[in-house]
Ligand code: ATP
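One chain comes next, on its own, written out as structure tokens in the form predicted on its own.
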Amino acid sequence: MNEKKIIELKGVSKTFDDEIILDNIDLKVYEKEFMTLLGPSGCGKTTTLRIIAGFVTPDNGEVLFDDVKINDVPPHKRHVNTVFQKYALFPHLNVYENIAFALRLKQKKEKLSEEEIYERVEEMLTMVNLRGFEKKDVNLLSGGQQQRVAIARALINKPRVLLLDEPLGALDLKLRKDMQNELKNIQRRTGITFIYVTHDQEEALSMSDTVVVMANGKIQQIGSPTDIYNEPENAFVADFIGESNIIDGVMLDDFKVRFSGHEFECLDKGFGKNEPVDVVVRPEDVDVVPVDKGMLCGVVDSVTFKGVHYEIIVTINKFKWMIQSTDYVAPSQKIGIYVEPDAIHIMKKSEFSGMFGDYSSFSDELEHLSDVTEEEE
């Protein structure tokens, strides 16, 4: 990825009807980067995109393009184009004229010949695999074909940045996956910076160089897909990106945590002694073992075949663990589970703690610690 910064948001905030939509966010976007803004509905990701596009003006903060403030620059004078979920094609124009529309607007000013326009449109049609569709009525195209026309129209002016607001949301699953691959290939071929908005975690992980996870108008974490998945910075990111077991625990000391009634070694340090923490364990990192070899033991509630693996739900100390395993176990069977120290991720308690399920184990951990303290006294 190019390390030359192209867009920067500094302390950007936005409020609508007394509701805080963006809360003092900072963000840097680099040239040739495929960045995805990811989060649930209402997290502020689309507002962030619209501020970059110029459709929304921030209440506070600065929007910089090539280190120049552009807060008051209108959308049509910014070096960005936007692709919307609903395509916004011109129904009275065929495929060719829809794609050529932006060139037609500046044909006289830039003295573009029909031959130049034709070459540019054909280049775009080739890029989005629509050669031969030039004279087609856009109203008769499939959803995927319409989206390709919208992308070609947005790219024909060769913008520095392309903004995509959930552009694949209306497509069926198979077509959506095909278009994900096409979009990534287009971005690589053109070298244009893409800023993509989605609530689909798999989409963000599979397409992006950088993922920005947002919630409640704030940026929760920025990183590569691998970093976001393997090293989430808080319980919200861990739960939103893939499946996670998030258990209340207590950090006893560096590299030692207590949860589910037992003490475990981990690789984390720097927490206060007996500090309440969130313990995160991915379902695929839990090994099913015989009861006598398990760190913890419980009874299987349910088993669901997912094609590649079995999804196993097992209750242990009032907490329902999710396990993903290629080995089958039967419902009502008693099993042991084993978790390696590097699969146990410790996180500070956050505003999202308590929203991920049954935390009845927490009081048990505190009671245990008080019992230990009384015994020592």
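Don't overthink the numbering: it's just position in the shown sequence, from 1. Given the structure is predicted, the values throughout are model-derived calculations rather than measurements.
The form predicted together with the named molecule exists for this protein as well; it is not shown, and the discussion that follows is about that form.
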Of 43-51, 323-331, 308-316, 62-70, the segment with heavy atoms within 4.5 Å of the named molecule in the model of the complex is residues 43-51
The named molecule in the model of the complex has a heavy atom of only one listed residue within 4.5 Å, and of 203, 239, 166, 233 that residue is 166
Does residue 21 reach the named molecule in the model of the complex, with heavy atoms at most 4.5 Å apart? yes
